[in-house]
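Form predicted on its own, single chain, as structure tokens, below.
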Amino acid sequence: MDLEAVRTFVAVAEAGQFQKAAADLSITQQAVSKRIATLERTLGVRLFTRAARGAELTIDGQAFLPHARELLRVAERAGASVRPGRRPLRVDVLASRSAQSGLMRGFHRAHPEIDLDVMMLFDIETAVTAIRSGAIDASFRAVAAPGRPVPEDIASVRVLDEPLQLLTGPAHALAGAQSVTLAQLVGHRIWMPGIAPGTEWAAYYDDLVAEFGLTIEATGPNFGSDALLDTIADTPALATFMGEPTRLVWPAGHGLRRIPVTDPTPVYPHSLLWHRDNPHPALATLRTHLAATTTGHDTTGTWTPSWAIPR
């Protein structure tokens, strides 16, 4: 059904005259007549009768009018759902308790007037595909891992360097340390079952292992953060890495320790990715917010892999 014809029908019904409806719609009276005739042919009924006072609705026209108005309302809502500035800003974060999620919570506090849809995609290929298709407006990722150059139509900016800390149970050999160096971690088993082969975070930890001789194990199924915390608390031989901004809650009886890592401090590089042609006005607001609230990169005493940009 032609929505312009439906809109014209409603205009005539409200104006009571073809001539006034034409003026209201900024079209000719002939165009109004053609649109009404087309709609009547589509519906198979007459919608108006000519009268001395103008155009009067037939019984069928009266029955169709409320539905026509609803059609126009639905069309407006459908357009608004995808219109930049009218629909929510859709942003991908890796996990609900991740540093990226914390950045988005800070953005929401600073700009509560902006509607947000926060989602969680798995890998960078999925995220880039979603950015290109318009399914999302932006994604937080580590770029550019070996073999994964950022496509030319995708823009990126480094927004956060996330320091890693060591998380141990109370009986671990390093549990009492105020801080540990990467050299002190050599020979200790660091268990991280969430490392999936082929991901950007797998590339990060591969480089960390290669450069500092660490032992990082990704064995066993990933049952989530609760299972990880339970295992670390109960296993003196295991520790894990956790981002400093990551906020996890565990039972007081676990006695877990968060220990800063130094000399150097490994930091995970988070970048914001978006399509260069994305016109959503809130995207620029998000970039401005992140630029104003995040710290510098590649600071003295920190380590990131050589492929992280910028360098």
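Predicted model only: the values in this text are computed from it and were never measured. Don't overthink the numbering: it's just position in the shown sequence, from 1. We call the rigid core whatever largest set of C-alpha positions still superposes within 1.5 Å between the two forms.
In what follows, reference is made to the form predicted in complex with the DNA, a form of this protein that is not presented.
Residues within 4.5 angstroms of the DNA in the predicted bound form, judged by any non-hydrogen atom, belong to 49-57 and to none of the other stretches in 254-262, 49-57, 66-74, 280-288. The DNA is not shown here, but in the predicted bound form it comes within 4.5 Å of a heavy atom of Gln17. The DNA is not drawn, but in the predicted bound form it has no heavy atom within 4.5 Å of Leu43. Heavy atoms of Gln62 never reach within 4.5 Å of the DNA in the predicted bound form, leaving it off the interface.
The shortest heavy atom separation between Arg276 and the DNA in the predicted bound form exceeds 4.5 Å.
Contact annotation for 12-37: residues with any non-hydrogen atom within 4.5 angstroms of the DNA in the predicted bound form are Gln17, Phe18, Gln19, Ser26, Ile27, Thr28, Gln29, Gln30, Ala31, Ser33, Lys34, Arg35, listed in sequence order. Once the rigid core is used as the reference frame, the Cα position of Arg276 differs between the shown form and the other one by less than 2 Å. With the core superposed, Val267 shows a C-alpha displacement below 2 Å between the shown form and the other one. Core-superposed comparison between the shown form and the other one: the C-alpha position of Thr302 differs by less than 2 Å.
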